[in-house]
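Let us start with two forms of the same protein chain, each given on its own as structure tokens and named structure 1 and structure 2.
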Structure 1
């Protein structure tokens, strides 16, 4: 069977990726854009990735998380086709990554250490990349200019790549990954070394592509991943130690955290709330963690974090507690610290 993108969705529409069967009437939607099955990669005696299995839904933004040496870059490189797994299988839109002809124009990649040809003008570089991506000759320049405008670099067309600042170069590299409107985009450390403003702009570009394509983002910036990703996996020493939606990973649908200022700490009243399962109180740090039952406990109706925050704050304020901070879940950074060495 030959996978093909039957229709391009509108920017805000849900993605529809179709696989052609024996007959056109037998087309089925592709729900999983990327699938890794028990993937292992060894370099001699060293095992960099061991038994990694992942399913990444079409149209989502997915994060690869972990400390240095966790296997993120190796896993990313295998997805991109730069490396072959020692064991296991990888499918991108139904094909192994090395099926270049079938996947041409359907995948865009931004490697972590990508370099631009310093002597080439930005326009020349992007025209070349558009041709490599299989963009039709009549649409090559329009496609190149479109992605350059998307990264806010419309005035750089005739600027030599070697004259670009680091932030400008990073955005041109991002543009080449997006050229031709690929169905899967792989981004390795897309905001590394950028100043806060440019990093923010890059995150907005990533979020604007959500639903139009499947994006995989590998990054050390956990706050960034928590902001842009729908789901993620946490790697440690080459293995998956946790995976799921961002809500599941951060437990934001199961617990809330409140920091109290010096003064009364009416913890007993919080424990009496019907939806509360357990309360942890750190007197020294003045940190209160409330674990709750999403079914509502004895209340009998389902509750969310916002409902619990309202109930807990009401009890605390009624009993003269002073509140300095409130958050849902434990935060991605804390979750990663708990799960990795």
Structure 2
């Protein structure tokens, strides 16, 4: 996929998405919450991000994917207004990220490597953030306690930020990003360094926010992104190498993968199925990849992945094949491996 595809409007886009938070600021309805236009960032002679263009729909969960040094955090930091683009333009809810007055209370950010102020108690820090976020004075404490409870840190109110463990600090950072119910939430590596249980809880929090705000998640954890994101872009060496909905990126509407156990492998019968376009069989790994025609091929009626899985499994089982795994599409991990060096 070429970078140009990044700016292409995604298929089946809702005409206008009114995010819940929009009502409090009585702003005009927004379809695109975040827009990057040919954004480039250079640090001296080094180009960290080059010509990145993105459109992130309001209300969606969007993933920033890529290997180390791909430009994810730089892109993220420019969206949050921490870094200024060398070229190009960024709009968050229709404003450049440095328009703090217009964006205050409408955006929350979890920066990856920003330490909490060690001398502050968690409660004081969150109260301060809530005030700056524009939460009404009468609701400041309630708001701070609510987000702290959401990240399961209700007992940390009087604990100094400097005394928090990595996992606890990460959750307090997440709490400050969610304070005041912002319309756009940017999360940079929200589960990095967390134990599996806490990471799971953080994913649940992200999922619970789906539809209430626009979420941008930058992460190395591809399984996590595949689980929570509606759409994503893959960055490599500062450029967008692919973007689109998660279905498009993983090609889950065009191919299925089946792993067979030792025994018969009736591949020829699968090839004969009318909706099947092509079949790849790896004898050594016993991986079967079936590419299908969504229009149904000679069947004439459109088919989806579930339909094809049913048909292929039927043929395989009829011919005594032993099936050990079935999946739709390539999986985000494989897709990223294909597109990045």
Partner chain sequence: MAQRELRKSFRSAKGVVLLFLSLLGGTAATLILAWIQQQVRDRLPDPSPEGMQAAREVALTAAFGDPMTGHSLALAPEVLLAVFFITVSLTPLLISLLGFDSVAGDLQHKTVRYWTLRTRRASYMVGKWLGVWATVSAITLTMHAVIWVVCIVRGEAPAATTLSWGARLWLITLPMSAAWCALTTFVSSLFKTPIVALLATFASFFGLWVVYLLGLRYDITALTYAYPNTFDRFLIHARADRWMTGLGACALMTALYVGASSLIFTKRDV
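For clarity, a rigid core is taken as the largest C-alpha set superposing within 1.5 Å between two forms. Numbering follows the first chain given and starts at 1. All of these numbers come straight from a predicted model, not from anything done at the bench.
Here the chain taken from the form predicted on its own appears as structure 1, while structure 2 comes from elsewhere.
In the core-superposed comparison between the two structures, the C-alpha atom of residue 181 has shifted by less than 2 angstroms.
In this overlay on the rigid core, residue 268 has a C-alpha that sits less than 2 Å away from its partner position between the two structures. With the core held fixed, the Cα of residue 120 is displaced between the two structures by 2 Å or more.
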